[in-house]
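Starting off, we have a lone chain in the form predicted on its own, written out as structure tokens.
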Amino acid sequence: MKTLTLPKARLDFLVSVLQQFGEIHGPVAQGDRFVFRRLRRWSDARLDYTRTILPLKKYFLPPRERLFRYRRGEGYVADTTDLERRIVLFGVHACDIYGLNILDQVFGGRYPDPYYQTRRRQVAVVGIDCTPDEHCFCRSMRADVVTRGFDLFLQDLGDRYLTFVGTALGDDMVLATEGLFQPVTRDDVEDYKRRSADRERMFRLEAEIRDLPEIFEMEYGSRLWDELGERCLGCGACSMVCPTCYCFDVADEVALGSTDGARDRVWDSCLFASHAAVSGGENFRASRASRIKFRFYHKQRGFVAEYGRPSCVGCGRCLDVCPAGIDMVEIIAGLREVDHAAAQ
């Protein structure tokens, strides 16, 4: 991986050059929150943001997308709207890049998804470091630092950025600036290490994930799940804002009085009462307790067995939006507590 420096005062010039690689999308303020959207003016960008309402998955797995339409005499026609749209996502945090890497594994693995894969190839990622707040626990999930999944990544060193070049496309971006980037000096290295240590001390939340899958396995019958089921509203907000929740439903829309129609893919949540319902009236997870337990087991147990790490990246969005105040970090700590009465 190549490492260079970029003068912070020339950041706007870099962005102007990146426009030749696609539309520039970045974090902007929306009330007291932030969203990723197309930047009409560079001055709209808020690189000091905490987290966006929705993560990057909205670009690759839209909340609702048309897969194909069908019509008598024409058959099935795939919908390719916006699949070839070139975008540069500027100012992405490490945890969200980590989340994107996880989605890449899911949708590019044994059964690759052509819609996701096509969009992914058209999107460039420029990451930037961040300052953790009271909801961040990405360090515990080993997602506070990322080494792949980006084309460029900018680390703030005060008046300059230490820049990691992660791909050949990132190298093309550097070359297109014609000398804007400079070689790294010893001072740059020392400043980076000092700032990295300072940032590590800023984290206020911590979740111990060592041997967590084994604890989940043994606590499958814990009364904690019933308690959470009483609190959970089943609204699915945590799934919608999660960078790595990828459940979807498929719905056919048929025009009345005809055989013409279309098939759409829409976001779903394992917390919805209808998620595990099947024909005949059977529901494999009818209770909220079973649904919330399934969500946590998928993230912290099942995903580890399949891919070798949890699918949670510690971005803190679920803590921020849950109307019932259900806290991933508190649940992990609760499962780790020793029941002294039972031990005796």
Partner chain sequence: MTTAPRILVIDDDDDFVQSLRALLEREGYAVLHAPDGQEGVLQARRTRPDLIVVDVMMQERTEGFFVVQELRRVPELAGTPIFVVSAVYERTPEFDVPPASDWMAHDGFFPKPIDATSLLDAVRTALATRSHADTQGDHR
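Positions refer to the first chain, counted from 1. All values derive from a computational prediction rather than experimental measurement.
One more form of this protein should be noted, the form predicted in complex with its partner chain, which is absent from this view; the next part is about it.
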- Message: Test of understanding: in the predicted bound form, would Glu23 fall inside 4.5 Å of its partner chain by heavy atoms?
- Response: yes
- Contact of Leu39 with its partner chain in the predicted bound form (heavy atom, 4.5 Å): yes
- Query: in the predicted bound form, does Ile332 have a heavy atom within 4.5 Å of its partner chain?
  - Reply: no
- Even though its partner chain is not shown here, does Asp159 get within 4.5 Å of it in the predicted bound form, heavy atoms only? no
- Assert contact residue (its partner chain, in the predicted bound form, non-hydrogen atom within 4.5 Å, options Asp187, Glu230, Glu178, Glu217) equals Glu178
- Note on the structure: Of 302-310, 65-73, 283-291, 31-39, the segment with heavy atoms within 4.5 Å of its partner chain in the predicted bound form is residues 31-39
- in the predicted bound form, which residues of 1-40 put a heavy atom within 4.5 Å of its partner chain? Ala9, Arg10, Asp12, Phe13, Val15, Ser16, Val17, Gln19, Gln20, Gly22, Glu23, Arg38, Leu39, Arg40
